[in-house]
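One chain comes next, on its own, written out as structure tokens in the form predicted on its own.
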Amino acid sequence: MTVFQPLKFPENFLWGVATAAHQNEGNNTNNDFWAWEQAGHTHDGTISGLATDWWDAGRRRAEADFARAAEMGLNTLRLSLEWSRIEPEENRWDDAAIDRYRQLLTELRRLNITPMVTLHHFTNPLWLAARGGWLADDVVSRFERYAAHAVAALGDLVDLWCTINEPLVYAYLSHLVGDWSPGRHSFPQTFKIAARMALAHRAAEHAIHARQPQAQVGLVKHQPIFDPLRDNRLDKMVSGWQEMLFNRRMFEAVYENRLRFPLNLFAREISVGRDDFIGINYYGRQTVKFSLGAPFTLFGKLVAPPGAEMWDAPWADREIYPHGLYRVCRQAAKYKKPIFITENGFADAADTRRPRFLLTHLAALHRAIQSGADVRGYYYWTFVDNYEWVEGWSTRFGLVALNPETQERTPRRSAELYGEIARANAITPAMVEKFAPEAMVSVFGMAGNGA
């Protein structure tokens, strides 16, 4: 009879959830994504509305969710600031917005939950959007000013700062495939924005450290796995292009201070800085097949490999691939910096596959730590079902189910599982037997998992 030993995580490991301002606060009427929703660009025809109603201080729904997180045993929570609230008009700062963020951060601290704060999570103030958004010539200096203002106002409550969330995702969806505001289709603009965001990250990092030297600052990078479908030259070539342009080029800019093609077409150099950690968002593997009909993905069509377990629509070309979390951690480990998994999650309204997703991905993360990756924390996306950008309310990532009309919260079984893991700082055989017994061998036998 095989006896499996618990998978114990390092002492002081951070167990948390990740959120974003627009997806949680509600009534973010002064940013470009709210305007995009109102214009009818969401796939399910909905708008964010109250979202999860975190902004209203009277109803205190954010504070109630924080208390639920603390009761689960979570010791950290990632949230973002809404630039359009803090600077609603160019050069005008809103003290009331800062006061509300101070209330939220103070409450997290009171509950012994360490806040991780992101400065930019996809949305832009309307005044900036009107000037071209991230194509505006002075956007880097504008973002630096905003970062400086935020850290001066909130730095006494925040030690972990993320500058920009998923810069390549933002550039790709807004200026290449056109799914997000402003709906452009331009390769040059896409890479110009990527270069600007690399420069803005460095400028914000300098601004934060100048005012708060002890702060820990990092960029958050979406890091999918790109693998060729077949063992042939064309599939390997296009998957290699996607890996290079979507994954490696931003890491080279931020952690090696090198702007290489195509980023060097839009910026001459990037200054040397001090990045204290690497933030990684990981959601799965994308398997690539050469196709002349896929120009916006560099002629690499995303396809489902035979026999693979895939996500549901609208991400049906994304594979559930726990071993990829091990791989991205090992890739990032070469930079010899602490790593945070700043997002990892699964859209599963029925909550039938999420427990196994959690267990197998955390087992892969444990193996990465055992192999030498300095992973300091894990943030599940997300705590309460929230508004998922142009997918609207049609996808449910939450550990806690939400009825957007009534704001009623209902914890799912995966919330119970994640709480047990966080409180134990480990995965035990009893947990797997209780929540996903079919995953027992894959969880505890992942050392034999191939690439």
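One rule holds for the numbers: they count along the sequence shown, beginning at 1. Just so we're clear, the structure is a prediction, and the values are computed from it rather than from any experiment.
Quick note: we don't show the form predicted together with a small molecule, though the next part is all about it.
Using a 4.5 angstroms threshold between heavy atoms, W393 stays clear of the small molecule in the predicted bound form.
The closest non-hydrogen atom of E243 lies beyond 4.5 Å of the small molecule in the predicted bound form. Not displayed here, the small molecule is kept clear of R249 by more than 4.5 Å at the level of heavy atoms in the predicted bound form.
The small molecule in the predicted bound form comes within 4.5 Å of a heavy atom belonging to N165. When contacts are defined as a non-hydrogen atom within 4.5 Å, none of W93, Y101 and Y146 contacts the small molecule in the predicted bound form.
Just one of F122, F277, F290, F226 comes within 4.5 Å of the small molecule in the predicted bound form, counting any heavy atom, and that one is F122. In terms of contact with the small molecule in the predicted bound form, the residue from F33, F66, F397, W55 that brings a heavy atom within 4.5 Å is F397. Of the stretches 420-428, 58-66, 384-392, 44-52, only 384-392 has residues with a heavy atom within 4.5 Å of the small molecule in the predicted bound form.
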